[in-house]
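Next up is one chain by itself, shown in structure tokens, the form predicted alone.
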């Protein structure tokens, strides 16, 4: 069979690997000129070991029956129906790239941004809104980060990290310059429930307390646990370790360091206030009920801030002519088989990764998820006649579209390494579509 996999991130490449290992040919299609998706544009640049996963993922393209077709946007350059006509099966693995909103007054003010947008900017995503992000950073001395997951931790760490740490990353130079010139001196992190209900992992949390010149401040009252929080600590060793780290921070004396991170628990934003831009965030104190839900108390405090970053989750987006669940923001499916409203799977159409199950798990979680989808695909199509043909290569040529293949990616890779070497770094990310396309064709 020849299968189209839409999305060159971890889910797509794990699915591709499973299909290629079973002897089938795979075209990996991605709208960007480069592969690796979340690994390149979602993992914080200072987390070198996690980002190095792309070295393993890249080996998938060395298989003789795998092709990369980058710079091709499904739904714009080619439709899902055209893919279904050209391939024996199509696997959608394009992820969940948009943010969830807070749905509070003032969220539209300048200085109110999504973590997804900030992460895209500091990772060098071609679609990042440089002007808006850099203007927001330049105007801020105090920041509120809403959320207590790993993305919130990443954002907080990047905003206060020493320049020397960031200089060792592959961040674009304009990102390094903007962060080095930032006047941000304090970051307030808000969690609507107790520390026991935060979803960060221990390694990422611990890093916040390891910077010289940065105090981590926690009110000792935050460690008073309701019954549901105490039970959560008792039942989960990772949660227990995380709470102990926070407990240790709460016992520290503040050293009046130049920068500070203040962790606020049982706190949720209810209004963003400002005239022409963000000036303060109104925060309501909460309690945690027996079920573990946050319940507002009506008591509010104001936090002066010029920038608020919402990090309350990612969400998937629909694609033309494919069923979509707007409540869960995923493509409805049964073990990877795409389901329309009628409940009968669409022949040849499958889904894997975050757009299948929602934004959960770590990068490795996608391997098992992709394998399950591929198992469904192979079972369904085992006795089906093979279509043959060359996929969408001829169709793209007729439309005047020249995709970037693996050789093109290797030229981009070499150009980024050369640019980094010219600045004493291992790599510098090329951040514009023009630069990426030029490098791919050089």
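Numbering follows the first chain given and starts at 1. All figures in this text were calculated on a predicted structure; none of them were measured in a lab.
As for the form predicted together with a small molecule, it is not shown, yet the points below apply to it.
Only one segment in the set 278 to 286, 333 to 341, 140 to 148, 174 to 182 has any non-hydrogen atom within 4.5 angstroms of the small molecule in the predicted bound form, and it is 140 to 148. Contact annotation: residue 313 falls within 4.5 Å of the small molecule in the predicted bound form, judged by heavy atom distances. Though the partner is left out of this view, residue 204 does reach within 4.5 Å of the small molecule in the predicted bound form, counting heavy atoms only. Shown alone here, residue 47 lies within 4.5 Å of the small molecule in the predicted bound form, counting heavy atoms only. Interface residue remark: residue 245 is not counted as part of the site for the small molecule in the predicted bound form, having no heavy atom within 4.5 Å. Distance criterion of 4.5 Å from any heavy atom to the small molecule in the predicted bound form singles out 199 from the list 228, 260, 97, 199. Of the residues given (345, 106, 359, 323), 359 alone sits with a heavy atom within 4.5 Å of the small molecule in the predicted bound form.
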